[in-house]
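First comes one chain, alone, set out as structure tokens in the form predicted alone.
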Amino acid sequence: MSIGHTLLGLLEKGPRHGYDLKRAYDERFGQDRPLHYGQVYTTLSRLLRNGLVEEAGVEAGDGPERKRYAITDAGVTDVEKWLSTPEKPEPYLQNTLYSKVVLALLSGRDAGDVLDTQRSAHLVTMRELTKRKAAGDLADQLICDHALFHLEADLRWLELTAARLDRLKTEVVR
């Protein structure tokens, strides 16, 4: 995810300071990976330098002064361009799991064990996501569905590969 574009999108509702942006980001997008404050301020500095945000005042507080940031017209244009650009579909052609299966076959180890171990890990994660989905709001349900669909595709691949292990072994171990 582009943190810069996400912060710009959050600024479209109005000026905010870094602390508010971090909190808004974490509430909407950072359940599993909240932003570090340093990441927020480094990103805001870059956006400011690139003319995508501007300072919109300073608030005095108990601690250091807090700068408020506002999105510029160039920032709005940048967000619009980012939103209208499709994400590149990732075909996963250089897959670590495939490498492990092939290396297990090449070394005389049981590649079926590699697949079984991975299947078990996937199922544990899928159960956790299913529980999270059941307890979550709509946004969390959609995020969990996305992850679950990818894991289901992985499980299909694991089953297909397990069914083809003998054939793969003859092709790999020549």
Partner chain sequence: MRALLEATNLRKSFGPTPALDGAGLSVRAGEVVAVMGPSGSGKSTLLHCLAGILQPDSGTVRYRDAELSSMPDAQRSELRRTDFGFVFQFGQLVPELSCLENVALPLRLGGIKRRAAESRAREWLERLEVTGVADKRPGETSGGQGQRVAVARALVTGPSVVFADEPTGALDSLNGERVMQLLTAAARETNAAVVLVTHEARVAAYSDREVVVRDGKSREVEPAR
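Predicted model only: the values in this text are computed from it and were never measured. Positions refer to the first chain, counted from 1. Under this definition, the rigid core comprises the largest set of C-alpha atoms superposing within 1.5 Å between the forms.
Omitted here: the form predicted together with the partner chain. The next part is about that form.
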ask   = in the model of the complex, does Gly51 have a heavy atom within 4.5 Å of the partner chain?
value = no
message = Met126 versus the partner chain, in the model of the complex: is there a non-hydrogen atom within 4.5 Å?
response = yes
request  = Consider Ser120 of the chain shown here, and say whether it contacts the partner chain in the model of the complex, taking contact as heavy atoms within 4.5 Å.
outcome  = yes
key: Thr130: touches the partner chain in the model of the complex, heavy atom cutoff 4.5 angstroms   = yes
message = Would all three of Asp113, Leu148 and Glu152 be in contact with the partner chain in the model of the complex, where contact means some heavy atom lies within 4.5 Å?
response = yes
request  = State yes or no: after fitting on the rigid core, is the Cα displacement of Tyr41 between the shown form and the other one at least 2 Å?
outcome  = no
key: CA of Gly136, rigid core aligned, shift of 2 Å or more between the shown form and the other one   = yes
inquiry  = If the two forms are fitted on the core, does Leu151 show a Cα displacement reaching 2 angstroms between the shown form and the other one?
reply    = yes
